[in-house]
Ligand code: SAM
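Listed next as structure tokens is one chain, alone, in the form predicted on its own.
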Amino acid sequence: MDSNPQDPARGDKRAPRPSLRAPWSEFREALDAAGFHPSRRLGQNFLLDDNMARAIAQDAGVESGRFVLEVGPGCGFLSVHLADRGAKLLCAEIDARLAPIAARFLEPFPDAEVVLGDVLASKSRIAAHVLERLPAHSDWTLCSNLPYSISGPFLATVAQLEHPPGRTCCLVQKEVAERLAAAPGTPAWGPLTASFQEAFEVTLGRLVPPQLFWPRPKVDSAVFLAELRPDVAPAPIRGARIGFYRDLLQRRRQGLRRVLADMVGKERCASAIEALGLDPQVRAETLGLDALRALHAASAG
């Protein structure tokens, strides 16, 4: 839908660009024919604004031949912009009513594939039908309007992949984006933040208001950008650290000595805190990533 002459990628007034898609009314007819009603459980909110979809694909920095994973393509409104930029696109869609609509829309792009099924095999594991298609060695990108219902668990899992994406550009609830980019000692800093930042450097991107979606969500949304850390640790080390962060930061407002002693025992806890020169009463939520890494190493024993 290209009804807004303001290009969100530039923030200026200009003539609308030609749309890559048919009118929304045609998609709505196809959805009605399939008996589709948006599911709150699945977090289904379609980004209808074509300018915004184009801008998000631009933010992702996708170049021709780049492998891109999109989770929850819906009707393919973001997908078509990724495909138009030359992406080798894999779209994972859980809804059997939506997958054929997106696949038909993407027929002009031979390098775009829609696979049906849940992207998660469990809360902490990506499904085999997606995992086996991800590049094992070459760089790749994650770009999605992520379903609200899975954004946190899915992104925490992505941070533990053997070969994570070099770049991530996703639209999520504004609250989730703020948590991903949070700094230590702020209210948003927590298990998801530390887990994701173990692998990625995160920045906040553009805000996306509710009126650009159908149905309109009751919360604001935002894009976040994440670059894989150049010194990212191997997957087994990342996994061990992330498990430690998660346990520690679940009780982030309690004193460090109390929480860590419950995790690793009083003797190992005291030794680790003394070795690092930490205040035993400091709250875990005030510790940054470097301190958390050092604490994990010192308390591993």
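Note that residue numbering follows the sequence shown and begins at 1. No experiment lies behind these values; they were computed from the predicted model shown.
One more form of this protein should be noted, the form predicted in complex with ligand SAM, which is absent from this view; the next part is about it.
*Asks:* Taking the shortest heavy atom distance, is residue 152 within 4.5 Å of ligand SAM in the predicted complex?
*Replies:* The answer is no: residue 152 has no heavy atom within 4.5 Å of ligand SAM.
*Asks:* Report whether the minimum heavy atom distance between residue 195 and ligand SAM in the predicted complex is within 4.5 Å.
*Replies:* No, residue 195 sits far enough from ligand SAM in the predicted complex that none of its heavy atoms falls within 4.5 Å.
*Asks:* Does residue 42 reach ligand SAM in the predicted complex if we count a contact as any heavy atom within 4.5 Å?
*Replies:* Looking in the predicted complex, residue contacts with ligand SAM include residue 42, since a heavy atom lies within 4.5 Å.
*Asks:* How about residue 249: is it within 4.5 Å of ligand SAM in the predicted complex, going by heavy atoms?
*Replies:* Residue 249: no contact with ligand SAM in the predicted complex.
*Asks:* Pick from 98, 176, 106, 226: which residue has any heavy atom within 4.5 angstroms of ligand SAM in the predicted complex?
*Replies:* Spelling it out, the residue with a heavy atom inside the cut-off is 98.
*Asks:* Going by heavy atom distances of 4.5 angstroms or less, which of 80, 159, 92, 142 would be at the interface with ligand SAM in the predicted complex?
*Replies:* Only one option qualifies, and that one is 92.
*Asks:* Each of 70, 74 and 119 within 4.5 Å of ligand SAM in the predicted complex, by any heavy atom, yes or no?
*Replies:* Verified in the predicted complex; spot residues all in contact, yes.
*Asks:* For the interface check, one of 176-184, 110-118, 196-204, 162-170 should have non-hydrogen atoms within 4.5 Å of ligand SAM in the predicted complex; which one?
*Replies:* Looking at the partner contacts, the answer comes out as 110-118.
*Asks:* Heavy atom within 4.5 Å of ligand SAM in the predicted complex: which residues of 46-64 meet that condition, in order?
*Replies:* Sequence-ordered list: 46, 47.
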